[in-house]
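Heads up, the chain below is alone and in the form predicted on its own; it's given as structure tokens.
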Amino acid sequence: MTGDRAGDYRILHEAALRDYLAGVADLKALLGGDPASWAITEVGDGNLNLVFIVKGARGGIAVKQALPYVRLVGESWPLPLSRAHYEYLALSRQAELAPGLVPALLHHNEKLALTVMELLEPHIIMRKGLVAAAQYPRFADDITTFMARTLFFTSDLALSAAEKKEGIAAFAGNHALCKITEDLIFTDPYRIAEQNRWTAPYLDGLAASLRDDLELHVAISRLKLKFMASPEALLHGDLHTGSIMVTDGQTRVIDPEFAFYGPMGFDVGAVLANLLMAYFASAGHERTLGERQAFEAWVLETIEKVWTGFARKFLDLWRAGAEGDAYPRSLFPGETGAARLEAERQAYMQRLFADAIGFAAAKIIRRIFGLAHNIDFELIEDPRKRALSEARAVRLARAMMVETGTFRTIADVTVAARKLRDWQPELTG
């Protein structure tokens, strides 16, 4: 349901939000009871938006409203409200392609930059669960289904050239959010930037080394160019463990406001990066030896399952009669042609894997030296322990980005991570 009953944009705090929801018949009925009795709680802990949970006598909803600025920074960093429109478009498309893996959309008001979705309960933000050493047995299967289907079916492998270009055009206006990524992930951590921060003084030397590392600068610049110039598929654009809500048996992907057409490896790499950060952060948290060993083993196993499961499902979709304008079957007749096409599929996936490894590295480095950090590391109370975990993650990230070709399989990544688990770097402080 899409509404346009509001006039000009205004920020809806509790009283105004209550009045607004009471005026939308379907939402009022879903919540039930007297609107005055609805419990409204602002729960947004992200960097950009207001998020409310609203509960009535009959049910609950989640309400998200974009602010005209970056919430993490304030009004000094304005941001277009149109991102709510792109998020709504992305959620709608993802719901078609990966049903049951995104929250149900209940209402959207473009003028207010407001979207109402199903209330996900008892789901929690996955990152919070990982900090508590929780394991999620359904996650790998669910996230690989989500990525395989949303990426494949919005690519040239599944679409005609015209359909693909229409998709690109629909999201082309979301360039302000892309600009955030281009700066915060691919540029700022490698130079002096006002909003950079890290675990000082322990990582001062490492931060300086990043700024002097020209091989790393070449590698990150190549990734930035691919991000800007390779519209391979519709990306979520911010697929980290803070954008995933989970229970033991369910996974829901949320917050695709950074959605645009870009390189597939960016989404896959984001998931891998956040699992790797959870792995390295584990050593800094207060856990029993048994808890730590069990959690870290599960994380490494999940990292491997994420890539292998994604690759298998993506290839299965491609083999199942894809009719996109790329790789037309008429060019690969007979058994010889089919064998050659299969070899090309494998080569395609190897290139995608290399992209994912590089983008994962970029994601790790930005979360340690850029503006927005992960609680995986931030909740390690002892700054020296935090810096140790972060330095290990950066050591792996640099290798993944500069020496990408040495990582031929996902097992190469997990083996390297395991070797660095107890490495003792030299810290500045």
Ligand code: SR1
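Note that the structure is a prediction, hence the values are computed from the model and not measured. Don't overthink the numbering: it's just position in the shown sequence, from 1.
Note that the form predicted together with the ligand isn't included here; everything after this is about it.
Comment: 362-370 is the region of 25-33, 362-370, 388-396, 55-63 lying near the ligand in the predicted complex, near meaning a non-hydrogen atom within 4.5 Å. Contact between residue 404 and the ligand in the predicted complex is not found at the 4.5 Å heavy atom cutoff.
Residue contact with the ligand in the predicted complex: residue 240 places a heavy atom within 4.5 Å of it. Among heavy atoms of residue 380, none comes within 4.5 Å of the ligand in the predicted complex. Heavy atoms of residue 152 never reach within 4.5 Å of the ligand in the predicted complex, leaving it off the interface.
Checked against the ligand in the predicted complex, the candidates 168, 184, 228, 283 yield a single residue with a heavy atom inside 4.5 Å, and that residue is 184.
Put simply, of 88, 258, 353, 261 only one has a heavy atom within 4.5 Å of the ligand in the predicted complex, and it is 258. Residues of 72-95 placing a heavy atom within 4.5 Å of the ligand in the predicted complex: 77 alone.
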